[in-house]
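There is one chain below, alone, in structure tokens, taken in the form predicted alone.
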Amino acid sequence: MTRVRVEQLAVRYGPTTVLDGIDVEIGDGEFFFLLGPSGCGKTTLLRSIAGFIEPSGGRILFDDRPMHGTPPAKRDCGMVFQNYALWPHLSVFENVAFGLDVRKVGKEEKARRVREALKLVKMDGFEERPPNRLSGGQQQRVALARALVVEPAVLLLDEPLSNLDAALRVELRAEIRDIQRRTRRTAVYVTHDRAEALALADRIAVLKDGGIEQLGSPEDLYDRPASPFVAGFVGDANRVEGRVAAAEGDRFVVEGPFGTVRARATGGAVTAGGAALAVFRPERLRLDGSGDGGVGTLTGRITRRTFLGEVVQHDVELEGGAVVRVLSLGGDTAHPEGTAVRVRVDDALVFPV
């Protein structure tokens, strides 16, 4: 196992700054995720760790060993690419064994390690197949086996499931987590899929515009986001603007045309009298019939009802014109479109504008 430390890392291409002063430490055996939108710098950071990109500033250390000037082949990393990157003219066995051949591993040891790696990813029995006779999911399993067979100090995964269908992504992400737990490899995983990150990660770094917006466990990021950006990127988030009417201990009373709610402050300096942004998670809102309510109850009318299987999404236009999404358990038929409703707010966040 290996600890990875990134200190003040910067990557620039001419006048364009891709990464700007990244500081992060990834622990031994940790499953660490880089999450963010396209263009935020997450793949650049991963490739810098791998050695494919030479940083413009800062440094990367593996167990206190600076990696500056160390080529990718000498960094003891295993890489799993988005597009599988399998050799089409080689069999499954030969693809997985490629890194061992480069390392001059003996024939018997090579055969043993390839068999073990293929068994780990549930591809034993496919040794002689060419890649073009495998499904996308099977090819990605082979790519994972190829990265694991060299027993890397650090496993790097660059959006490995993005080319697969939704059901297969769910299946494979659970298997990847099981494999990481069994092998205890330090792993860094790049994705823009928040479900993958929340389901698999020990910790997540949310990137925005070349910097880390927030770093923490999945629960921290979801329940205590440091900014509206993080709140909206790690989960669905309704946003309505208002003002802080009062402070009540660790809660704030936020009011606006939509109504009045009590909210938690998890990021930024919130002060009484200031403009504020109230954020509600759709699953923490409840539809509760029609009529007026007090603090924590908003009134509105359902403008759209969308059946999503296990849940039903209701779009509710509140007083003042703001529209919020409310998620109810599937089978909810009590609230058709056009119904006047009260929306009870079980939990709300507040950020300064």
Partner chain sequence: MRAVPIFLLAAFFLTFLVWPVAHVLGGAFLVDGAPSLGAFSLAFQNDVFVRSIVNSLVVAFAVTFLASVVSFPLAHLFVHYEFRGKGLLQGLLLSAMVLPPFVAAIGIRQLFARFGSVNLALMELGVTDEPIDFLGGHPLLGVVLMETLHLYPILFLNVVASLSNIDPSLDEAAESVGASRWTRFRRVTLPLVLPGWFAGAIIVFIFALTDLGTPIVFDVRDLVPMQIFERATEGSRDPVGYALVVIVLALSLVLFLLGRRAVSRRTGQQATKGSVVARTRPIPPRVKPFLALGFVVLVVVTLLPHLAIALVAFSEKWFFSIVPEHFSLKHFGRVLTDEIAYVGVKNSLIYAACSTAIDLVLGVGIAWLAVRGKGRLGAMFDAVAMLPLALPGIVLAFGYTYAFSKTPIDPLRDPFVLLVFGYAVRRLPYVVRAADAGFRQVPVALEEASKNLGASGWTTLRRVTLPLLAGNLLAGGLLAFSFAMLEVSESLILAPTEKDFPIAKAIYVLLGDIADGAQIASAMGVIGTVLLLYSLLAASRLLGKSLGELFRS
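Residue numbers count along the first chain shown, from 1. Worth saying up front: this structure is predicted, and the values here are computed from it rather than measured.
Below, we refer to the form predicted together with the partner chain, which is not included among the displayed structures.
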Notebook entry, point to check: For the spot marked by V240, R251 and A272, is every residue within 4.5 Å of the partner chain in the model of the complex through some heavy atom?
Noted result: no
Next item on the list: Although the partner chain is absent from this view, report whether P282 comes within 4.5 Å of it in the model of the complex, heavy atoms only.
Entry: no
Next item on the list: Indicate whether L118 is a 4.5 Å heavy atom neighbour of the partner chain in the model of the complex.
Entry: no
Notebook entry, point to check: Hey, in the model of the complex, is R47 touching the partner chain, heavy atoms inside 4.5 Å?
Noted result: yes
Note to self: Taking any heavy atom pair closer than or equal to 4.5 Å as contact, tell me whether V102 reaches the partner chain in the model of the complex.
What the structure shows: yes
Next item on the list: Choose from 66 to 74, 300 to 308, 316 to 324, 23 to 31 the stretch whose residues reach within 4.5 Å of the partner chain in the model of the complex, heavy atoms counted.
Entry: 66 to 74
Next item on the list: Only one of A245, L215, A199, A85 comes within 4.5 Å of the partner chain in the model of the complex by heavy atoms, so just point that one out.
Entry: A85
Margin query: Using a 4.5 Å heavy atom cut-off, which residue among G137, G78, G267, G256 comes into contact with the partner chain in the model of the complex?
Written below: G78
